[in-house]
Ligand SMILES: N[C@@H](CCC(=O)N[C@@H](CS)C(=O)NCC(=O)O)C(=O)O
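In the form predicted on its own, a lone chain appears below as C-alpha cells.
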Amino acid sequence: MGLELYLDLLSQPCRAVYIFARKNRIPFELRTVDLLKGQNHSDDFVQVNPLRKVPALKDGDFTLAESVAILLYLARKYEAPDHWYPQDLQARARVDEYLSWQHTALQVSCTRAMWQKTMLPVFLGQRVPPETLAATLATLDRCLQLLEDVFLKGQDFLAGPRISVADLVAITELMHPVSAGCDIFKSRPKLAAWRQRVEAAVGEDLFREAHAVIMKAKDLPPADTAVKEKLKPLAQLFL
C-alpha cells in the first residue's frame, strides 16, 4: 500500500496537507474521516492515529500525526521545491518561527471564531453569548495585526519572496472565519493582496476545491440529538 492521507476538509490543517500534496503532485490515497460523525474515534482510525485527530498519514507501516510534521515529512520525502521548506538555515528558521507561533495564536482564534459564529449556533443550536463572540473577534483582530506586522511585513509571503508551508498553514486557518462570514480582509489591503498571491501560487481551482466543504459549513442542517451529544465535549472547548 502506498501513501494514505486521512483527512476531513472541514479541518484547516487537513486542507493545508491536501493542497500541499496535490500541488506537488504527490500520489496518495485519500481516506476521508468525517469529524462530525465521530469517525476519528473509530477503532480502525485509532490504529492509525491513537491521538484521534486528523490529519494523519500512513506510509506503508509508518504512521504519523500532526499537520506540521506531516507537511515536513512530505516536503522531505518527495523533495518538494526548496521554497516550500528552504534548505537555507535562516530562511527555514523563518518558516519554523511562524509554524511555532500559529498553534496558540492564529489557529486558536480562527477556530473559535468559526465555531462561535457557525457551528455552535447553526449546527448545534447552542447560544453563544455576544460578549464571548466579541472577545473572540477582538483576539482574532490582534492576531491578524501580528500576522501583518511581524510575519508578512513588506514581503510577498510570510517567510520571504516565495510561498512556503507557512503561507499554506496561514491561509487555510484564515478561511475558517471567512467561511463564517467574517470579512477579515476588507480593512486589511496588505493581507488581502497576500491572499491573492497565495491563491495564485497554489492555483485558484485547487484552492476552491480544498475549501468547498468549509465554505458550505454555514448551510449545514441542524445536527440530530445523537450528534449533539457526541460533540458536546468538543463544543465546550470553543465557548
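Given the structure is predicted, the values throughout are model-derived calculations rather than measurements. Numbers follow the displayed sequence, beginning with 1.
Not pictured, yet referred to below: the form predicted together with this ligand.
Classification of the binding site as open follows from the superposed pose of this ligand in the predicted complex: not one of its atoms falls inside 2.4 Å of a backbone or C-beta atom here.
Proximity to this ligand in the predicted complex, taken as heavy atoms within 4.5 Å, picks out 59-67 from the listed stretches 22-30, 188-196, 59-67, 206-214. Taking a 4.5 Å heavy atom cutoff to this ligand in the predicted complex, the contact residue among Lys77, Arg142, Arg92, His103 is His103. By the criterion of a heavy atom within 4.5 Å, Lys37 is excluded from the residues contacting this ligand in the predicted complex. In the predicted complex, this ligand lies farther than 4.5 Å from every heavy atom of Leu239.
At the 4.5 Å threshold, heavy atoms of Pro177 stay clear of this ligand in the predicted complex, well away from it.
In the predicted complex, this ligand lies within 4.5 Å of some heavy atom of Gln107. Three-residue candidate spot Lys117, Leu124 and Lys218; no residue lies within 4.5 angstroms of this ligand in the predicted complex by any non-hydrogen atom. Contacts to this ligand in the predicted complex (heavy atom within 4.5 Å) from stretch 22-58: Leu35, Asn40, His41, Arg52, Lys53, Val54, Pro55.
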